[in-house]
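Quick setup: one chain, the form predicted alone, written in structure tokens, and binding and motion questions come after.
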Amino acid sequence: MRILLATSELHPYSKTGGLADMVGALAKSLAAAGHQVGVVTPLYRPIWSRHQPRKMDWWMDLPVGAKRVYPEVWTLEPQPNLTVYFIHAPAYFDRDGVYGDATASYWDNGERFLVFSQAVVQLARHLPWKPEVVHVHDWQTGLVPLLIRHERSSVGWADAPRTILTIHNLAYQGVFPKSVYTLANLPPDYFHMGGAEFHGAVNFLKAAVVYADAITTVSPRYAREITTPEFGESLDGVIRSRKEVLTGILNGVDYDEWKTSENPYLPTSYGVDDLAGKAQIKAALQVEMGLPPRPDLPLFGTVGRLADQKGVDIALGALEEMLAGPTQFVSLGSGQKELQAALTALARRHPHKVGSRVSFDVGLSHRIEAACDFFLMPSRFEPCGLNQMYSLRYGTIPIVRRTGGLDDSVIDFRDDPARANGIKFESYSSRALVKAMRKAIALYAQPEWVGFYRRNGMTADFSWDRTRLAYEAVYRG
């Protein structure tokens, strides 16, 4: 098949979260399976210094309201069958940040990603290899299905590609004033309650939900959850109206990167049949995080955005109680300032039990995943989550709340005693998390059971081969 993916961020070129990882891994897997794959993404400023894209002999002429914008297209070919198309529009993307700076989102994000969406459609229409499918991701590319639908009907684009939307997180929708819709030079036919309009504004993600040919989310449970008022973020009714084209596909893990042997980020290797290296990595990480090496203590850890969605508030409450006992805790991440400050204060009060880094560090994220005995993911909601799957591969037992992809990927003893690889809890509360952590401490006191859980986790299959096959089925319709 000929497949064009469109994303606002793409590993290893730009990244703020799991979206970049998912699209990068999907593209690699599709290309390795023999499909012709293109990925369209903005050419952000940091990419220039780290990579060497080549300029195509092609520039675009895009109408944006009453003005014209002329993006260039630059390319890289990181592997056979895969081309990355960078949209070079300096006025919009030659900035240090992807969506904003340290203080706020960019004021013109609506116009920025309108222009990007227009560029995606131009590529889809004029690339000589004629994509059969355009697969867009989240609100930043949400206008692409609408623009393709419009060109198909207005200018007779008879062989227009099939459009697929993947919702990575419904909480982020790209809602902007009606004036942004006007910049698209679209007729009013699409701006109504059953189309792109949302309480008088334009909603990029809603437009994609309405006009895409098929919709996917990043886990089966999240696909069910977003049709409910509790998780639907005011779009549950629209999503229910398209339920017949909605599919939940659990993300895969790039095992070429997340591996326990010959990993450049880890000081030693280990595997399911020899876990001695894991103990060495634990001791080294304790020193790295300023903690005394204590093999007798269970080490809990977390890596990720410090946000309300991630359950940091209930984790802080649980840790206040658990740190009175024989435990250690390490964390890596940044986000909401009040949560950053709370973790920093926790580390100051418990200098021999808590190590916290408020930053983003790829290497340290691997070492925390590998070193910890238990990984905390007490999310309020979690469309998919990747860290729990990284933890399983690294022999680190995840403690998760039963929601979204966490419920789909982690197996509690109550779910299936023979395949148990993690600990789940139900209620979104510090008390429920404390109870789960106490189960973990009891488990840690029984090495044979720890080994049983670790073996089950490390042999679980979350490879992209499985995930790719599910996306191929959606592409074929």
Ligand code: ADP
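Sequential numbering from 1, following the sequence displayed. These numbers were taken from a predicted model, which means no experiment stands behind them.
Below: the form predicted in complex with the named molecule, not depicted.
Proximity of Gly17 to the named molecule in the model of the complex: non-hydrogen atoms within 4.5 Å are present.
Taking the partner from the other structure, the named molecule in the model of the complex has no heavy atom within 4.5 Å of any heavy atom of Asp108.
Looking at Pro298, you'd find every heavy atom of it more than 4.5 angstroms from the named molecule in the model of the complex. With a 4.5 Å cutoff on heavy atoms, Arg305 counts as touching the named molecule in the model of the complex. The partner is not drawn, yet in the model of the complex one stretch among 376-384, 394-402, 290-298, 92-100 has residues with heavy atoms inside 4.5 Å of the named molecule: 376-384. Checked against the named molecule in the model of the complex, the residues Ala345, Leu76, Ala276, Val362 give one hit for a heavy atom within 4.5 Å, which is Val362. Of the residues Ser241, Ser179, Ser153, Gln309, just one reaches the named molecule in the model of the complex with a heavy atom at 4.5 Å or closer; this is Gln309. Within 4.5 angstroms of the named molecule in the model of the complex, the stretch 325-354 places a non-hydrogen atom from each of Leu332, Gly333, Ser334, taken in sequence order.
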